[in-house]
Each structure stands twice: as structure tokens, then as C-alpha cells.
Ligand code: GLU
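Here's a solo chain for you in C-alpha cells, the form predicted alone.
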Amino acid sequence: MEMTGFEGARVRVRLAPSPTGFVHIGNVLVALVDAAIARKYGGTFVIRIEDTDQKRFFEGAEQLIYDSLAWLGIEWHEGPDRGGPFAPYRQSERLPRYHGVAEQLVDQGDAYRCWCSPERLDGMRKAQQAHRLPPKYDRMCLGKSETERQAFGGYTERSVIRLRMPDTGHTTFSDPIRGEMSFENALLDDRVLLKSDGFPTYNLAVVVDDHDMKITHAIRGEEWLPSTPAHLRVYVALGWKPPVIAHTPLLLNADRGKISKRKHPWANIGWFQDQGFLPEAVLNYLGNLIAFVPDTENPQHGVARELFGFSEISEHFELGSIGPSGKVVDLDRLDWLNGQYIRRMTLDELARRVGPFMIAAGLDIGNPIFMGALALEQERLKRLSEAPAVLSIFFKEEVYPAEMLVPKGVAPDDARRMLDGAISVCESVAASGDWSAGSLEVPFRDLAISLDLTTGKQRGQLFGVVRVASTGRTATPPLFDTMAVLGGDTVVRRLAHARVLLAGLGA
């Protein structure tokens, strides 16, 4: 763990999301890194809300942040919802502090006012693009008073404050994830620190807040890497020691392309909850992207565990081991992992978890058949949201075409004979009062012999007819177990309905 400049200091990390919409999975990955660092080193995890972009503010987005992290079991110690020694933790409540720092930078000559209109800046950028010049402010306002600037075109009364970057040399820093990073100062823009509406930009607020809140490790996404030289310049100008700054890699889709909010709904962490992924599985999957958790029970070295929780993530986490390359979000892998967690649940716990999905689909979880049906399907579920579709055969009649009752290579008349025999067997077993998988299997084997269905394929055809007639589907859990859960009355009724459907097919 890189502790340069903070030896002996208590580790303090922060997540600083903007309340502008849904919670991005990339923010959750950073939150997991923060929480793992705080847990491993006995530090503090802070949530700070960066709500200075008033045009993009989304009502309710802040609560979504808290709810999403809580759903995943990620704990934090300080924040707007919990308070702390460095409150307030919303940037919109800290404006006087930013104004004071911005004015100090202007007074020192490390920043300057800019009165250029949006129209002038737009024209400047287009001209730079046309001449293939670096996209940066041309310093029209540098060194001018407001009166002097008014003599030139493209003036507006509402000024901003810009940071003055050095003209020569390089800005260099060590990123624990990426190694030594260096930027040529002459190519860097004089970024806006304070906007014309009086709100700070990220470039000012993040530095002031991290300093004031004694953040020792600033972990953020790769997209902020180009902004780091400006932030370090502010630290130098103010005489403050910067925290260790690390940039996590991008999360990529299966094609190793950038995640698109439009094309990839799972960019929203809420999608995973809606789709019935378990929070422990999602946390486990993200942990796989950032930490190697060894399988201590396997004597072979270098083998990773498949399933683990937050305590294992934090125990084995090393910031420098994440690596700068993009991390692919493989939903197929997550489906598998989620299924592993589902199969390890007690039936009562699984029933509690799938209950909301069943109720939303209009299925009665108070029905005595529910637990038996769930026990049969537990091995097949990958997502909780699949439960209503998978279990619906136990709650309501499926609509299916009569042709499904006739297996490939079987004539309709033969299918009818199979079904007639099955009806007779089921009526007899139901009348005996012993309706179970075991009581069904032997008479059905005898039925196959009486119908001269002696090969495995032929017996499979018989069972296929009964399966469709009983459930309306060609694939189910073991047939006799399924019939046992459905109950004798339901099975006999469904087989009789199937016989009516078959009667309508030609010989």
C-alpha cells in the first residue's frame, strides 16, 4: 500500500459522486476499493456529494447513492446522512470556502478572471480544431483588468476564474495503480475553477475538500486522469500536500468497448437489483475484478477462490495490484456466480428473496405449492427475477399448441394412446391416496412396457407427452417430482385437457 507522505496518518478515503441520475457501476467499484482500504487499514470512508453542477442535478439521486451502497453492504463512516467532524459534506453547502480559496489564488497570481463569452470560446475551439492545435484556452483575459478586457470582442460581464498552468516543464506524479505519470505543461489547459454562477468546478472543489477533510488516498475513475495535473497545480499554489491519487481502470463490456448507458442498462447498479442479482454475488464479482483471494483450502498455489465476501476482499486487497487495464463485466459469469449463491441458500431464505418478484407477477406465495415448487427449481435459477416465469407452471395453466403433445417421430394416434394410459395411471395413483414421485415412477415404467415402449428413446417420448400435458413445457425439473408437487387433482385435470387438444389433431 502506497503511504507516501502520510506515514503514521490514519487512512481516510472518500467517494465523491454527483447526484445527477442513477448510480453507475463504475462508482460502485470505486466505493468498494475505498471501503476495502478503510477496512484493511482501520481507516475512515467518507461520502461527499459533489452537487455543484446544478443543471444536471437529479432529485432523489443522492438517496439512490446511499440505498445502492447499503444494498451491497458497503459501509461508510462520514457523510451528509451521518455527519462527521468535517461537515458539511455537500459541496453546495461549502460555497464560501471555495470562493475564498479562488480569490486567494487570483491574488497570488496563480489564477485569473476570464470574461470571454461562450460564443467566443466556441469559435476559439473550432478554430483550434481546424488548425489541429491543442484544445486549450488562448489566455485572451490573462493579465487584463475587466476594463481592459471590455475593449476586445467576445466579452461578457459574468466572469469565471481560471487556473494558470505553468508554461514549461512537466507535471509528474506517481499513481499506485498506473505507476509514474507525466504531462507536458505547455499542452495543458487553464481550467475553470469557479464558474460564472458562483459554483466551483470539480477542479477546485475536489482539492479544497480533500484537503479540508484530511483525505489521504483519493481513489477515482480513469476518466479523471487528465484533470490530475490541474489539481496538483492547485495543491502546489496553496502549499498543501496532495493525497495519494490513484485512478481505477475503466469497466468494459464483453466486446472490450466502453460501457454505454444507452446500450448497456447494467451500467446502472439498480439494474442488477431489478434483475434479481443477489448483492453478495455482485459484490463478490466486483471483488474478483480488484482482488486476488487465494483458495487456502487448495494445496496448489496461485489458485483463487470463487466465492468470497467483503472481509476477504479487504484482507487480500492491494491497490497496486489492480492494474491499469480495463476490466470486462461478463454477465454470463455473474449469472453463474449468482446461481452459486442461490443454490447455497436455505429454502426459507430463497423464498424470502424471490417473494417480491412473485408478488409483482401476481403469483400467490401463500399457496401451499410454493415451497415445494421452489425447492424443485432452486437448482435452475440464476436470477431471482426468473422465479415467476419458472414457477408459473405450478400456479396456472399454460397455453400451448396441441402439436407440442406429439413428440418428433410419433404419430398423433400413438400420442393419444400414451396419454390415455397416463390418465389411467394418474387416476389410479391419485385414488390410492399415495401421490408422490415414488408412487408414480413404477406404474409409469409398467405403462411403457404395456405400450411396447422398450427403448430409452421410446420411454422418453412417453414421458415427453406427459411432461407437456402436465406443465405445458418441454423442459422441467424431474418429471415425477414435478407431478408430485402439482398434485394428483391438478395433473389429472391437465392430462384430460391435453387429451381434448389431441383429439383435434388428424390421425
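Heads up: residue numbers just count along the shown sequence, starting at 1. Note that this is a predicted model, so its numbers are computed, not measured.
There is another form of this protein, the form predicted together with glutamic acid (GLU), and it is not shown here; the text below is about that form.
With the partner left out here, glutamic acid (GLU) still marks one of 351-359, 198-206, 336-344, 183-191 in the model of the complex; by a 4.5 Å heavy atom cut-off that stretch is 198-206.
Taking the partner from elsewhere, residue 219 is found to have a heavy atom lying within 4.5 Å of glutamic acid (GLU) in the model of the complex. In the model of the complex, residue 490 stays away from glutamic acid (GLU), with no heavy atom inside 4.5 Å. Under a 4.5 angstroms non-hydrogen atom cutoff, glutamic acid (GLU) in the model of the complex has residue 50 among its neighbouring residues. At a distance threshold of 4.5 angstroms between non-hydrogen atoms, residue 224 is in contact with glutamic acid (GLU) in the model of the complex. Only one of 16, 25, 498, 11 lies close to glutamic acid (GLU) in the model of the complex, with a heavy atom inside 4.5 Å, and it is 16.
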